[in-house]
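A lone chain, given as structure tokens: the form predicted on its own.
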């Protein structure tokens, strides 16, 4: 009888706008860990948690907090755009995101979301 691994993980690599982009998605019991890098490093570490204080349940709210790295407004915007769907699909679990991007254009972010979807472990 084959046993299931305790921690599920998938990774892939894709070229986005001419830049090699690697994604690793790992599922833990209490959160999802995603590394999205174009530098081969974890980069800035961001916590993305669903906010249960929202009055309107149909509009999900997320809180982002930079744990390690540069705390810039664009980092928070990218983190929410890249991981909100992951948290929702994973039963509103928090997401820990390692982000190291050369290209943070709208087109690149959309392509990166598709790459994250291809590494679905949740």
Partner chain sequence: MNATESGAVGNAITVHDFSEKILEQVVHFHVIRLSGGFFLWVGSKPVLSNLAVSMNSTFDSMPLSTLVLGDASDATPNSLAQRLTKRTKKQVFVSYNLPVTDSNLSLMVENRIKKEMEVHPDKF
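Positions refer to the first chain, counted from 1. A quick note: this is a predicted structure, and the numbers were derived from the prediction, not measured.
Only in words, not in the display: the form predicted together with its partner chain, which the text now covers.
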property: Residues 81, 118 and 120 all lining its partner chain in the predicted complex, heavy atom within 4.5 Å; result: no
property: Partner proximity in the predicted complex: residue 114 to its partner chain, non-hydrogen atom cutoff 4.5 Å; result: no
property: Touches its partner chain in the predicted complex: residue 37 (any heavy atom, 4.5 Å); result: yes
property: Residue 100, heavy atom within 4.5 angstroms of its partner chain in the predicted complex; result: no
property: Heavy atom of residue 77 within 4.5 Å of its partner chain in the predicted complex; result: no
property: Stretch 62 to 89 - residues with a heavy atom within 4.5 Å of its partner chain in the predicted complex; result: 67, 68
